[in-house]
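Read the single chain below, which is given as structure tokens and is the form predicted alone.
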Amino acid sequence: MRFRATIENAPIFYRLIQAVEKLQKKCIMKFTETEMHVICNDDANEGGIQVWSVVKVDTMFTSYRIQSNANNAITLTLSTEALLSALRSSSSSASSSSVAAAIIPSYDADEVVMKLAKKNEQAVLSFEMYGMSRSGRRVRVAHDVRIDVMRPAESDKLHEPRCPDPEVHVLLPPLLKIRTIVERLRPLSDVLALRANNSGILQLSINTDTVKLETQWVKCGNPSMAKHEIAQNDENDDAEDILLNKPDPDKMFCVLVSIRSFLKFLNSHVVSATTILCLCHNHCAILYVYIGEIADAGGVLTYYIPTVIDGDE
């Protein structure tokens, strides 16, 4: 089993892990010949939230080499905090003001190599940084992250949640603006209602015995994802119904979610260029956070937030 790659885009890698680090203490990473997957699927997560992300190899790495007996795929578990620390030390550019005041190293790495290794019989993901110190001296810094390699049989059991077809897809406003609003709602309610229709209206609201508040956006845009859905169902004779049976554009669809879960999703604002919310009425919310613009996105983080039962709604 061999794996080695040069990290070409350390700031994006850092922000990706920063987004999921708030979700759970350990994550699953799967490397294939063409993609990197980062998965947080612990049932104990706040509100049952999960994230399944996939990033194209050429978005993040160069000199990428992988070899294994499992179709050249390697799956491992590791601490998100330890991984974040390693990536933080890789470059001062990962510590920009938009990444919440990380510690700036005393050198600038011009090459960051990530590889699978074994230290004292312990498997590690080793990060080797080569660069120039501020005094002009050449430096090499190594940072090892302990890992557990998953057996192929365990890896094969990993599957994204199965959900019904969403009734509505809507483009979200900037996530940082949404987070400002939701943080103000958090002390007032544990449950947040997400509502949207196919006319570009998006609503966030809370409803308790003492307070009712609603924030609404209009003209959000309803992207067509029918082609993607049909591609997944191309063997289904009823696939054309996805296009033909469109719901009433003014009908509102709703999912109640844990407000804390939604705030954890909003940490992905550090990555987001475009985010699409999909509502499966009274079942779950699916959120696609694109790395880059949709047309040429280098990857996507997919969040699944199940509905909660609330008697006030």
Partner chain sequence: MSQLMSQPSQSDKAKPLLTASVHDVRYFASLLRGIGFSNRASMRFTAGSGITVTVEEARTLLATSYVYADHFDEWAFDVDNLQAAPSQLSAPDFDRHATSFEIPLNTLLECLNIFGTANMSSSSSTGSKHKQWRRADDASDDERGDDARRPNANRIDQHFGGNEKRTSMRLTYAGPGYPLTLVLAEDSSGPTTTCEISTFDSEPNLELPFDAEQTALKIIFKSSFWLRDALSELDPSCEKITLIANPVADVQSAHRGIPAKPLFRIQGTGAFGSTEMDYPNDREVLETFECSRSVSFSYRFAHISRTLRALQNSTKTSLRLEQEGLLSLQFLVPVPRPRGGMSDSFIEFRCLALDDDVAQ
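Since we're looking at a predicted model, the values are computed, not measured. Here the rigid core means the biggest group of C-alpha atoms that line up within 1.5 Å when the two forms are laid on top of each other. Positions refer to the first chain, counted from 1.
Below, we refer to the form predicted in complex with its partner chain, which is not included among the displayed structures.
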- Heavy atoms, 4.5 Å, its partner chain in the predicted bound form: which of 134 to 142, 178 to 186, 113 to 121, 162 to 170 makes the cut? Say which one. 178 to 186
- is_contact(Arg146, its partner chain) in the predicted bound form, heavy atom dist at most 4.5 Å: no
- For Glu81, is any heavy atom within 4.5 Å of its partner chain in the predicted bound form, or not? no
- Determine whether any heavy atom of Thr215 comes within 4.5 Å of a heavy atom of its partner chain in the predicted bound form, and answer yes or no. yes
- Message: Quick check on Ser224: any heavy atom within 4.5 Å of its partner chain in the predicted bound form?
- Response: no
- Message: With a threshold of 2 Å on the C-alpha, tell me if Leu213 counts as moved between the shown form and the other one once the core is superposed.
- Response: yes
